[in-house]
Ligand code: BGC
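Starting off, we have a lone chain in the form predicted alone, written out as structure tokens.
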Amino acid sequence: MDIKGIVERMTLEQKASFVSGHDMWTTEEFKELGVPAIFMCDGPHGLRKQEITPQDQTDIYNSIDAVCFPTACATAASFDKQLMYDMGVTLGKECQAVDVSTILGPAINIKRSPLCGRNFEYVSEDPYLTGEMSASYINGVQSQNVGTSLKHFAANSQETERMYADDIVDMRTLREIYLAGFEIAVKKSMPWTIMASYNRINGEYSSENNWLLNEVLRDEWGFDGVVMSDWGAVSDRIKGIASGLDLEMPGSQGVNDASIVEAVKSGALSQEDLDKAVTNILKWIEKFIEHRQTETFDRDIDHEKAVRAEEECIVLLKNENVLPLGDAEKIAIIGGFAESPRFQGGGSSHINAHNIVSAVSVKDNYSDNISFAEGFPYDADVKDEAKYAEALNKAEAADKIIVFAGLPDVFESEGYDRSHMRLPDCQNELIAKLIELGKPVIVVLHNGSPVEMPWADKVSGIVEAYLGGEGVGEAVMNVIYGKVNPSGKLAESFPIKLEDNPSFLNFPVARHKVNYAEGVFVGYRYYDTKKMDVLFPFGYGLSYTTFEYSNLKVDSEVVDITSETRVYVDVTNTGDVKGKEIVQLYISDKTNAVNRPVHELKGFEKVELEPGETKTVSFTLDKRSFAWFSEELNDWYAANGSYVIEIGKSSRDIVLTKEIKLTGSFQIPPVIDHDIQLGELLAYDKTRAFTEQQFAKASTQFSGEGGELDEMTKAMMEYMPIRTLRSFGGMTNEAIAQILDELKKLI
């Protein structure tokens, strides 16, 4: 495709229409110029491809028959980058088979609050995990010459007023938490497209934010693909094009096309900016049409892949020696989700699933001793005494009780946020009645985000299945019957109650603004730093075997900031069952250069071990592993000094530590003016000696001639601005000005 020639031959009117979608899912076509249309579809855990007919382009229940893989809330719990890559490869092949150029995902907004209605579609509360997992997924999809659309860029962590709300967030928090996952994914996988979010960030819509789309995304991170709008996210189309928004989706039925033509003619929009957008879209189209490959969408084979994927995602949260089940045990399965599992969320990611497998539909494959009673419905909070009685009757005859509980579709979905973290009352009430029978009760959860568990300390087992795709029923049965050893760990913290969440006082909006007052203290960064009890911590998950960690080593205990260092730890399976362990590496900053979380995840690996087997797991750390974002420098910064490498089974179960010294960095210089505090000058290496010399005489005002300052006075002086020496040190304005001039020379 001669892209330059096509741009030169295009009329202004053609260019204006080309940067708008032709309809809900396709780009504009110009046969006379050799420019075909390409089709994109919703994802990211399956293909929601709509047929090209006006009546069903937006009907989420009228898409093609497709395979629904586990949603992001589940796959994140796998901590398995290879799984994400392989899932991406499969989806990429499916796209080629049905002529889809780009799958609209992954969605990687940070889980700021458990109430976000779209959390099931997002990865984690942690940006590092988010970025690494999504990069692997993107690389998998794009290895099949199919594009992805990394979304929603950026800070789109709620559904309430999502098209209008203004996120008020400081630069450090934005960089460290809400942009960092996107940065990792862009740099490691270079998605073909990025989707600008609906919301405003500090007063400016994402879709027309030049700093976000041009300065950060393109100039700083090197992104060279298409930036498209979320569907209906465009406010000012002219400003958007100038700020780096290439494609408006869907089209505006010609309204904005006419505005673009008028803006170029009047000089309000440069021809150069419009041509950039056109060129970017043409490059995207070229990538797909010139690398078509023949693929077969074998839904039955891919269904089996979806089952295997969910097996890696299931998290065993509690097990008082009741799992795995034996085939001779009498089991009562209770709950509507056992017969009609909730395996995906509502909204644009809804897949028309090929083969939904429930636990009830496959129970006979595991034992002849399984009974079932609905007890409560899967789709509503409705108490039915007759169904309660049936469930209790079945449970009384059983050795163990398995309750399949969860959140109905109406409780969490795209478009609105949850108002609480509770399960339906009918479920909690029946679980309480079952516990009273005195038999082991195991709860299996189908939910897209954390829920309160008032019965957590009374049941014998808890299995978190999340929204595990169309094969979730089979995967859960494989886990609870021991055919698969659970290996998932939580990619988000489960607070005891909603009020414990750090965003509680500022979620979702107040007068159209969202105040990110908790700053960088999101999720475990808050709970662990505050030493607050949680229901289940970040990174937590049990196994049917046990693991021991040993022999933590680093290449060097003195690390230069400009180089990488390797960390090694041995992991041994000390049980009698083959299993997989997720090894987590956290960094704890001990320099006190800035207020930071007690630790942050900077590495993770999933390793499979036979009983008695030991493997060495290694991690690579670089400057960013230690750094925080300095608004003073407008850059990432890591201070010289002490850092602790922590190896953990979860964020709360740190089993090995090693202290290292970071060198080769620099001190952030203080701002020299008459308000600078004496303590700042004494803490900065280049000004310490001069400060001690100049203010030795001034200190006699406090201690007397030749006296020593007591600790209280030293502390008071540390936070005294230099200007106060007029009153307490007897200095003139001229003397202070002279000292400031000398200090500036030292910086």
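What you see is a predicted model; the values in this text were computed from it and never measured. For every residue, the number given is its place in the sequence shown, counted from 1.
As for the form predicted together with beta-D-glucopyranose, it is not shown, yet the points below apply to it.
Remark: open binding site. Placing beta-D-glucopyranose in the predicted bound form onto this structure by local C-alpha superposition gives no atom within 2.4 Å of a backbone or C-beta atom. Stretch-level contact analysis of 462-470, 475-483, 514-522, 194-202 against beta-D-glucopyranose in the predicted bound form, using heavy atoms and a 4.5 Å limit, identifies 194-202.
Annotation: in the predicted bound form, residues 112, 167 and 417 none come within 4.5 Å of beta-D-glucopyranose through any heavy atom. This chain is displayed alone, yet in the predicted bound form one of 241, 104, 444, 351 has a heavy atom within 4.5 Å of beta-D-glucopyranose; that residue is 104. Residue-level contacts in the predicted bound form: of 312, 500, 230, 339, one residue has a heavy atom within 4.5 Å of beta-D-glucopyranose, and it is 230. Though the partner is left out of this view, residue 680 does not reach within 4.5 Å of beta-D-glucopyranose in the predicted bound form, counting heavy atoms only. For the chain shown alone, residue 48 is a contact residue for beta-D-glucopyranose in the predicted bound form, at least one non-hydrogen atom being within 4.5 angstroms. The shortest heavy atom separation between residue 28 and beta-D-glucopyranose in the predicted bound form exceeds 4.5 Å. Shown alone here, residue 237 lies farther than 4.5 Å from beta-D-glucopyranose in the predicted bound form, counting heavy atoms only. Shown without its partner, the chain has 162 as the single residue in segment 158-189 with a non-hydrogen atom within 4.5 angstroms of beta-D-glucopyranose in the predicted bound form.
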